[in-house]
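Next up: just one chain, as structure tokens, the form predicted alone.
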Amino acid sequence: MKIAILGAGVSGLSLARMLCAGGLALADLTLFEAAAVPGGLCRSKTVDGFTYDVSGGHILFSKDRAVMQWMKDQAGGDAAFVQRERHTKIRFGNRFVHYPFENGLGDLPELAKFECLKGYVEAWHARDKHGTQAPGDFKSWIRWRFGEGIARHFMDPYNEKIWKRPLQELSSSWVAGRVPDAPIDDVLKAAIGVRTEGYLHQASFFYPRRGGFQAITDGMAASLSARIRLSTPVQDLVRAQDGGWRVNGEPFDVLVSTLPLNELPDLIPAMPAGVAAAMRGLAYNSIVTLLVALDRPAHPDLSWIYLPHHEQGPVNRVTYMSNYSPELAPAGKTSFLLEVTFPGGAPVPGAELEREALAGVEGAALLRKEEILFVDRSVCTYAYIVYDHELFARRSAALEWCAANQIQALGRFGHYDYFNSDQCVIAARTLAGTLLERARSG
């Protein structure tokens, strides 16, 4: 059974490794990768001894312990990783506010603290008393869940920075399971200065000691290198009469696509117009990442910082990149990773973005201009799935057509699920089981 896997990111590589581990011959696999290196969204880059993740700061954590260990083993096992405690803050004016925001109300100026606490209690009371259901649009959901004060002081401006859209245009469905509900007692304690914690499931995380997050996908790819065709973009996909597919003219029995669904219509001219429109209409955001190499001997003990306010410039998150591992910067130096999103399909921001980003971070008192050694820039076209109100209908049309035409859709943008890397591995494990069973049954 010849299998074509389109894309050698974490999803495609995981699938290939698991198929081989399950007994499929390596010679029966072919991975097509447009880039010159494998890794996809997990790629990293090293410049003059400074390493960063090109699609934004990654961490390794999973509730599925077997999957997390499997990912660690790909890059050399436990000894090849650094374990870090998560220390994250929100920069609110000249203050650091504990994260998540509702657990840090005690760090706010007095008026903002009152407004946020009042709104949170009112929202909690309304849900408790009236049993109201979560609103369908994200802007209303924020107020239903957190109240007007937290919406105005943090949630609205921060999410406007990330999503680059009016928040009422977004569905609230994407936050289900991603935003834990802080107990009212914790929020009240936090407001009077009694420290409480949120998001404890990520209190500790792992990161490769050297090579950036790409060390994981490099490890996955090592035994597959003979079957990965790098710098080989998919140019056309044609359904064969025997039910298989031809990839760039080559026949395969099984087609697995981790390519963004948005791009399939250009590769399959025979696709029905309605399905093609649904795929092309799936919304996403792109990202510019800026490595800032610093002549600074040490950082504070921080993992990343959120910059929610528009006056802080275009950057929404600052990762203290060199804190993840001592191998990510030369001795005596440190680094930041700045993230700026922009709407998918929009022109890539020009050189002015770098000036505005650095000015904003400097204005937030996170660095001094004279510390900067150099800045390196990367652009990732597909970074975030945007959960607008049309997503589910468009995705259903796309995936139903793929299933009916024997295309196995996999990955964050291949299946249009807001998956982290571990969730991509879990989905690959499930698909590998299905394909191995098919191979055994003939």
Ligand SMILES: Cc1cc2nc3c(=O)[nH]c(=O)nc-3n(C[C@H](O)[C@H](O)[C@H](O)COP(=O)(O)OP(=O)(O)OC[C@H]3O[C@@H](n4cnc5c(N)ncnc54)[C@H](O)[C@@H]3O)c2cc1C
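Nothing here was measured: the structure is a model prediction, and the numbers come from that model. One-based numbering along the sequence shown.
Unshown form predicted in complex with this ligand; subsequent notes refer to it.
A.B. asks: State yes or no: in the predicted complex, is some non-hydrogen atom of residue 383 no more than 4.5 angstroms from a non-hydrogen atom of this ligand?
C.D. replies: Yes.
A.B. asks: My question is simply whether residue 51 lines the interface with this ligand in the predicted complex - judged by any non-hydrogen atom within 4.5 Å.
C.D. replies: No, no contact at 4.5 Å.
A.B. asks: Should residue 29 be counted as a contact of this ligand in the predicted complex, where contact means heavy atoms within 4.5 Å?
C.D. replies: No, residue 29 stays farther than 4.5 Å from this ligand in the predicted complex.
A.B. asks: Is there a heavy atom of residue 55 lying 4.5 Å or less from a heavy atom of this ligand in the predicted complex?
C.D. replies: Result yes; residue 55 sits at the interface with this ligand in the predicted complex.
A.B. asks: Let me know the one among 224, 179, 234, 123 whose heavy atoms come within 4.5 Å of this ligand in the predicted complex, would you?
C.D. replies: Contact with this ligand in the predicted complex is made by 234 alone.
A.B. asks: Looking at 362-370, 167-175, 138-146, 259-267, which lies within 4.5 angstroms of this ligand in the predicted complex, counting heavy atoms?
C.D. replies: Of the options, only 259-267 has residues within 4.5 Å of the partner.
A.B. asks: Taking only heavy atoms into account, state which residues of 279-318 are within 4.5 Å of this ligand in the predicted complex, ordered by sequence.
C.D. replies: Contacting residues: 287, 317.
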